[in-house]
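Below you'll find only one chain, the form predicted alone, shown as structure tokens.
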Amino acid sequence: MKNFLTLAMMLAFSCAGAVKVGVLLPLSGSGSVSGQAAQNGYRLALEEINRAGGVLGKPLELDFADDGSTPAKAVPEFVRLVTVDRVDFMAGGVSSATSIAVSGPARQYNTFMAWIGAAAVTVQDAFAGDPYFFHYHPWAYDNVTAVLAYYRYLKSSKGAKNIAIAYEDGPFGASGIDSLVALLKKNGFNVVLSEKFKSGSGNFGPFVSKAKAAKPDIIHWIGYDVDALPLATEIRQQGLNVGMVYGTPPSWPVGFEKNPLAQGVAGLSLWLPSSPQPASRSFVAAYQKRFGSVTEEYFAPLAYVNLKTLADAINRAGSTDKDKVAAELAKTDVDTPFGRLTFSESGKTKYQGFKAGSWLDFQFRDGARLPVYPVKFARGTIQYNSTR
């Protein structure tokens, strides 16, 4: 009898209409490391949600689409999910360029978006005042605040004052470069070089040559995972001596930590598997059980948090009505692998999640990412002059 009732409940559950979430991710192209990490996070969250009963007594369904890391592909895929597949909500979104591109159709179709990436301020401008745009990732100026705190520490402890900047020429790298340079100068740093590059071109020869003449203490680059190894290779080949090479890509190349060229390279991350929060330890255990390995890409837990909080809001709303779900998602106040998540106004957008205090700095050391700053999260001392 018990088995019969269980079977009946499962049939009723499976026959109910699913709540559908469209997920736009860069599963190919220059942002694919982040996109694929996020896809795993979404899958893990989806399985947990449906094992717990789904949403509104129905299964939750994800409809993945690949934006190819390009606006030209992102727009038709976004429109297809919204108008043809008729998803109830949209999630995903890693690249700033693709997010700006879909802002037009998002406004046109009044789309509900729970967005995990897209840090550029131009994205904030594009979604200013939108009642259905929830942004989880810190904005670029939050990133700058976190980096500036680290550089101040390096200036006081290592005497690092001269900075050379290489930035990709898309919205991610270029939109905030003037503000970054002005802020560094205001805080007593000398920006001895600032040059843009085409992400994925691998052409860092001219920049490194100029950096050798400018003698920076820090190389600061803003780009994507495909740029990390070409830049590190060029620095080594030209024998550039520098105190620190510091990058802020959304993700790093797969296996980069095992490459000898990565030794001492530093970066910024929202999360590492060693993060001490209980919610982080639970995520790592669940991820390892599901996929048989542990990821170091923060877009995996970010996507996981994104879908879990959206599903919770739908259940609390008791409906897929966008106004009701937005009202409930705005009340989110939960522990996550990144710390506490709440939403508040960011100045132009109504609902901003994680902010500057969520970031931590790490160095690639002996095949792994070692947290080194803020000091309270550090698990080792900073290795300076790593390329000298």
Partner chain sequence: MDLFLQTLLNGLLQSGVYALVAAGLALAVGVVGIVNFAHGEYLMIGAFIAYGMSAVLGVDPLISVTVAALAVFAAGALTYRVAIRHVLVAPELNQMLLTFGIGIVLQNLALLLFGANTRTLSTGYQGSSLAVGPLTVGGPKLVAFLLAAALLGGLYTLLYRSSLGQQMRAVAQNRRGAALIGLNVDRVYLIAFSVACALSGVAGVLVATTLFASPTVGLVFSLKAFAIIVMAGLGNLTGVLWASVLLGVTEALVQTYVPGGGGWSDAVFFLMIFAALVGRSLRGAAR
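Note that the structure is predicted; figures quoted are calculated from it, not measured. Numbering follows the first chain given and starts at 1.
Unshown form predicted together with its partner chain; subsequent notes refer to it.
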Among L62, I49, V33, L341, just one has a heavy atom within 4.5 Å of its partner chain in the predicted complex, namely V33
Go through K210, R316, R290, K161 and name the one with a heavy atom inside 4.5 Å of its partner chain in the predicted complex. K210
Is the gap between P260 and its partner chain in the predicted complex 4.5 Å or less for some heavy atom pair? yes
Is there a heavy atom of I177 no more than 4.5 Å from a heavy atom of its partner chain in the predicted complex? no
With heavy atoms only and a cut-off of 4.5 Å, decide whether V254 touches its partner chain in the predicted complex. yes
Does K196 reach its partner chain in the predicted complex if we count a contact as any heavy atom within 4.5 Å? yes
Can you tell me which of 125-133, 236-244, 90-98, 146-154 lies within 4.5 Å of its partner chain in the predicted complex, counting heavy atoms only? 236-244
Using a 4.5 Å heavy atom cutoff, which residues in 355-369 contact its partner chain in the predicted complex? It's fine if the answer is none. none
